[in-house]
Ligand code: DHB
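There is one chain below, alone, in structure tokens, taken in the form predicted alone.
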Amino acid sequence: MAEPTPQNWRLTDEYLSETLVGHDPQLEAALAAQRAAGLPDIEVAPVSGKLLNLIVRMSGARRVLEIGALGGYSTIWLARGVGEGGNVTSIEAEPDNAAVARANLDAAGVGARVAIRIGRAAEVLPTLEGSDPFDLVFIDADKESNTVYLDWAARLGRPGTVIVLDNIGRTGDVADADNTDPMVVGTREGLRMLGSDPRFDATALQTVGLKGWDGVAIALVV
């Protein structure tokens, strides 16, 4: 039996990606553009991008909100999921990141489906009130603001809206009540909100792989 080491997690993740996701020139070009622009290597792994795409398609989501675009890698997966006639609103705090994302989305042929809103999400989200509800919300931004983003996800959604909250494992530190790292504290507060706020019904999965020891929470707005 293989040892449960980070190296073997990575090898298994690469095997799963090769087997179930395959090679995609547009997505690989998007990653190359992110690297060339000096963006941090924090986008979702290929198997996680495919999972997002499948959740969008399985839920029938046509209007998707993404909080945290980075260079648009996950955005491409989401935009492909909504299909023709669907749309994605993606919020990105950094203008340089948003420019990379816009170029990647256009190069991937899904630019027309995506509106990028530049600014801090806590300031952009209130401007979306009054629009049609979102069918799915993907949250992958600063962890310190998770409760703010979850609150807005419920307010901008509807009963049945799917919420995906990324990076909830924090290499196991999330279970350490004494850990005061702001990202860990923000993650715990977000999970606590998903477990106690009556607007949500949620669960979470630990993951290991290309991005180390992490996890994702999935919720419904009820």
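None of the values given here were measured: they were computed from a predicted structure. Residue positions are given as counts along the sequence shown, with the first one as 1.
This protein has a second form, the form predicted in complex with 3,4-dihydroxybenzoic acid (DHB), left out of what is shown; the following refers to that one.
- Of the residues given (62, 170, 188, 50), 170 alone sits with a heavy atom within 4.5 Å of 3,4-dihydroxybenzoic acid (DHB) in the predicted complex.
- With the partner omitted from this view, the residue of 37, 54, 29, 42 that lies near 3,4-dihydroxybenzoic acid (DHB) in the predicted complex is 42 [heavy atom within 4.5 Å].
- With a 4.5 Å cutoff on heavy atoms, residue 211 counts as touching 3,4-dihydroxybenzoic acid (DHB) in the predicted complex.
- Looking at residue 135, you'd find every heavy atom of it more than 4.5 angstroms from 3,4-dihydroxybenzoic acid (DHB) in the predicted complex.
- By the 4.5 Å heavy atom rule, the three marked residues 140, 143 and 183 all count as contacting 3,4-dihydroxybenzoic acid (DHB) in the predicted complex.
- Picking from 191-199, 54-62, 29-37, 160-168 the stretch near 3,4-dihydroxybenzoic acid (DHB) in the predicted complex, with a 4.5 Å limit on heavy atoms, gives 160-168.
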